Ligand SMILES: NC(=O)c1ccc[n+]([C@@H]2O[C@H](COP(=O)([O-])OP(=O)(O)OC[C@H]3O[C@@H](n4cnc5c(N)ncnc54)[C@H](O)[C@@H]3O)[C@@H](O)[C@H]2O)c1
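What follows is a single chain, given as C-alpha cells, in the form predicted alone.
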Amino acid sequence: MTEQRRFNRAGLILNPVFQYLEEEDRYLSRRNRPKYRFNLIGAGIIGQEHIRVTLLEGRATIHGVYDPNPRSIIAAQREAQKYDPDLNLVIYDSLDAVCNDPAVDGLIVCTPNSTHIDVIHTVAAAGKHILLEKPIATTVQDAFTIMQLAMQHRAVFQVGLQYRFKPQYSEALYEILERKTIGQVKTIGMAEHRMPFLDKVGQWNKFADYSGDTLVEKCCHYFDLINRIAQNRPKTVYAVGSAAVNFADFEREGRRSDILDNGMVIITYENGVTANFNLCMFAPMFYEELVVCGDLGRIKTTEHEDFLPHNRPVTQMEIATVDDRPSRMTQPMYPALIQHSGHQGGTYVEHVEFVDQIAGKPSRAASAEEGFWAIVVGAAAQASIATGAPIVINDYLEQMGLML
C-alpha cells in the first residue's frame, strides 16, 4: 500500500467515521509510516499550509517547528493535530537547533522575505533538503547569492513557487510545453485582481524593505509562470504602477506603508515572445487569468472566487485551435480534500514534487535559478516604475556586477 496514491486515501485516513477502528483493523484507511521528517522554520499562514499538505501527502511528517512568535507555535501545533492527533511537534529555541537536529531530513523555510538571505546560510550549512518559500529574496543581488548557494548544495534545494501546480496552470503548461497544442508561443497575458495583502506578524508585508515590494513579493509567482511559458530569458521590462487605494492611512512604529497596490508590466524575451501582466489589489474578489496565443491557437485559464451567490466554477480552461485541431473547455481540479488544502491544491502537489526529488525522481518544481529569474523580472518592473523608463535586463544585471 506504500505506493497507493496519497490523495485517494487521505479522505479515508482522516474520516472520523473510521476512528473507532484499531490500527490493526485498518487497510485502506491505514496511515503509512512516514519515510521522511521535516522541520518547519516560520509558522505563519503559509507555514501552517505546509504542515497541512505534508501530513496529507503522507510520505513525510513535520517533526518540529521554530518561530519566535509564541502564537504561531500554538497555531502550528493545532494545525498538525487536525491531521495527526497523536503528533506533538518538537519546539526549538533557535535557528541552529531546528536546522541541525540529526533526526530530520528536510527543512521548510517560511520566514519573512527579508530574512531569507540570512536564514538560508544557516539552513544550507546543515546539509539537509530545503524547500524555501517564495520569493527567494527581496533583491536581485541576494537572490543571485542564494542561487549560487543552491547550485553548490548537495541535497535538494526547491523554491516554493507552487502556482505552477495550481490545476489550471498545470494543465495549461502541459498543453503548451508538452503537447504543443497551440504551436509556437507568441504572446502571454496574465492578470490578478484581488483583495489587499492580509495581516502578518509585524505587518512586514506592508513595507517594501521587508517584502521586496508587491511586484517581487506577490507577483514572482506570475513572472515564474510567464518565464516558464516563454522558455527564454527576459530582454526588457517596462512597468507602471502606484499605491492608489490600499493602506493609505496605515502606520506602524512611525512608518507609513509604501507598497504598490496596482501595476501593469510589459516583458519582451530574447526569442521574440512578448508578455504582459496586470495587477489590481483592491478588487472585491480573487481572480486570476492566463491567456497564451500561439501560431496554432489560444489557451485561456481563469480562477474566480468573487463571494457572490452563484455556482461559477472556480477554475476553468479554454483551448481554441485552428482547422483540424479539436477545441475544448474544461474545469481542471484536484480531489476536494487537496483542492481545498491551499492554493487550489498547488502546495500539496509541490510537496509531492519535493518528496519525489528527495527520492531521486524527476521533478517539475521550481529551482533556485528559476526563482532568481522571477525576482529579476519583478525587481526590474519595480525599477521601471521608479524611473519611468524601460529596463534592459542585461544592462540592469551588469550594473549590479552580475554577469550571466
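We number the residues from 1 along the sequence you see. Quick caveat: nothing in here was measured; it's all calculated off a predicted structure.
Separately, the form predicted together with the named molecule exists; it is not shown, and the next lines address it.
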### Query
Looking in the model of the complex, is the named molecule within 4.5 Å of a heavy atom from each of 190, 193 and 246?
no
### Summary
In contact with the named molecule in the model of the complex (heavy atoms, 4.5 Å), from 224-232, 68-76, 267-275, 150-158, is stretch 68-76
### Task
Verify the contact flag for residue 45: yes if a non-hydrogen atom of it lies within 4.5 Å of a non-hydrogen atom of the named molecule in the model of the complex, no if not.
yes
### Task
Would you check, heavy atoms only and a 4.5 Å threshold, whether residue 301 touches the named molecule in the model of the complex?
no
### Query
Should residue 201 be counted as a contact of the named molecule in the model of the complex, where contact means heavy atoms within 4.5 Å?
yes
### Task
Give a yes/no on whether residue 213 approaches the named molecule to within 4.5 Å in the model of the complex, heavy atoms considered.
no
### Query
Which of these residues, 241, 332, 112, 297, gets a heavy atom within 4.5 Å of the named molecule in the model of the complex?
112
### Query
So which of 182, 119, 281, 208 reaches within 4.5 angstroms of the named molecule in the model of the complex, heavy atom to heavy atom?
119
### Partner contacts for 19-41, taking the named molecule in the model of the complex and a 4.5 Å heavy atom cut-off
41
